[in-house]
Every structure is written in C-alpha cells, then in structure tokens.
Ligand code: ADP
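One chain comes next, on its own, written as structure tokens: the form predicted alone.
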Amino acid sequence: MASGLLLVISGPSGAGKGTICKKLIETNPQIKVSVSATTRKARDGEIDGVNYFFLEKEKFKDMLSKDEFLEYATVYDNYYGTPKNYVLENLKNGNDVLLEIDIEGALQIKEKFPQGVFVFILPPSMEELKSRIVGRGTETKEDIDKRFGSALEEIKQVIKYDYAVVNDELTRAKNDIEAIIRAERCKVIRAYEDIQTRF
C-alpha cells in the first residue's frame, strides 16, 4: 500500500486557509486532520483527541525530550505541538494527513519531514486581505493593522514552500490543492515501490 501524503497548509490570517481545509476534508474522505497536542485546559465542548490531545506539562516535556513532535511552540505559557506518531501511523495506513499550521511550525516540519507537501495560501491582493480581516468585525483597528503588517512579512516566506495557491475563489483554490495531491502521487519517488511490484 502506498503511503499517504503529509499536506501542510499555511498562509497569512485572512487568506482563507481554514475554509479551504474544511472544504477539502468534506470532499476527500481519505484526508485525516492532524490533531495537535496542548497543555492548556480544554474549553467547553472541546473533546480530547478530536479538538486537541490535552496533556499535562510534564507529559508534554517528556514527549519533547523523546523527539515525539514534528514541531512545537510555546504560546502564553502553554505548549502546542504536532505529535509525530499520529501523523506517521496515518501516513503508513495510506491516509493523507492535513496540517493547517502557522509558518514557523511549517518550516520546523519541513526540516524534520521534507517529503511533506508544503502549500502556501495567498489572498488575491493585499486590499482583499485587509477587507476580509475588517469584514470579520471581531478586531480593533490596532489588531487589524498588526495582522496586516504580519501578513506582509509572512508572504515573503512563500519561497520556502513547494506550492502557492491564490484563494480568489474557494472552489478553484480547493481544486488546485486536489490537483497538487494528484500530481504528488504521480511523482516517481512516491510511486516507485508500487511500480516495482507491478512490473
């Protein structure tokens, strides 16, 4: 059985990566979502193993010392990370694994797992990005300016990714990522084992 693909998706806030990922999962049942681990307490309605793996700090640090994360970060005194075993088991079973993650985390993963497929989601323009962030209606002008400034810096990182997808229209962006998955499956380096067993 061919291994699945690790699909790592990043992009600036407001690019629409969450919406694209949701659409991808709806139409591609073989794609499993990577579940992150965190040391923060579960919020109302959150389920262990679905939203996050909720761990005690000692357990998280123990896993860190054993190199059991593809990436990790500290946010407001809590740890967040991507458990390696969950991802590798699914890949071994032929499932594709989708990881929507910030750029810093994605680049950590690229160092440890370069055979992943790294996709950067871009807005159609900076004007459209700003209008999407403002349109949420949840942030102050100061927050909006900060996110916008961060987005300009983040977009400079696109050169470190394998693919760039412009999210000017949701269905087209989703179709582009499905085309990337198909193309990656056809790479000789991925298909070689299967080719050898057939011929």
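Each residue number is its position in the shown sequence, starting from 1. Everything quoted here is computed from the prediction, not taken from an experiment. Basically, rigid core = biggest C-alpha set you can superpose within 1.5 Å across the two forms.
The form predicted in complex with the named molecule is left out here; the points below concern that form.
S.K.: Taking the named molecule in the predicted complex, would 4, 33 and 178 all count as contacting it (heavy atom within 4.5 Å)?
M.R.: None of them does, since no heavy atom lies within 4.5 Å of the partner.
S.K.: Look up in the predicted complex whether residue 170 has a non-hydrogen atom within 4.5 angstroms of the named molecule, and give yes or no.
M.R.: Residue 170: contacts the named molecule in the predicted complex.
S.K.: Though only this chain appears here, would residue 136 touch the named molecule in the predicted complex if you measure heavy atom gaps against 4.5 Å?
M.R.: Residue 136: yes, in contact with the named molecule in the predicted complex.
S.K.: So in the predicted complex, does any heavy atom of residue 132 sit within 4.5 Å of the named molecule?
M.R.: The answer is yes: residue 132 has a heavy atom within 4.5 Å of the named molecule.
S.K.: Could you run down 5-32 and flag each residue that has a heavy atom within 4.5 Å of the named molecule in the predicted complex?
M.R.: Contacts from 5-32: 12, 13, 14, 15, 16, 17, 18, 19.
S.K.: Using the core for the fit, does the CA position of residue 118 change by 2 Å or more between this form and the one not shown?
M.R.: The answer is no; the displacement is under 2 Å.
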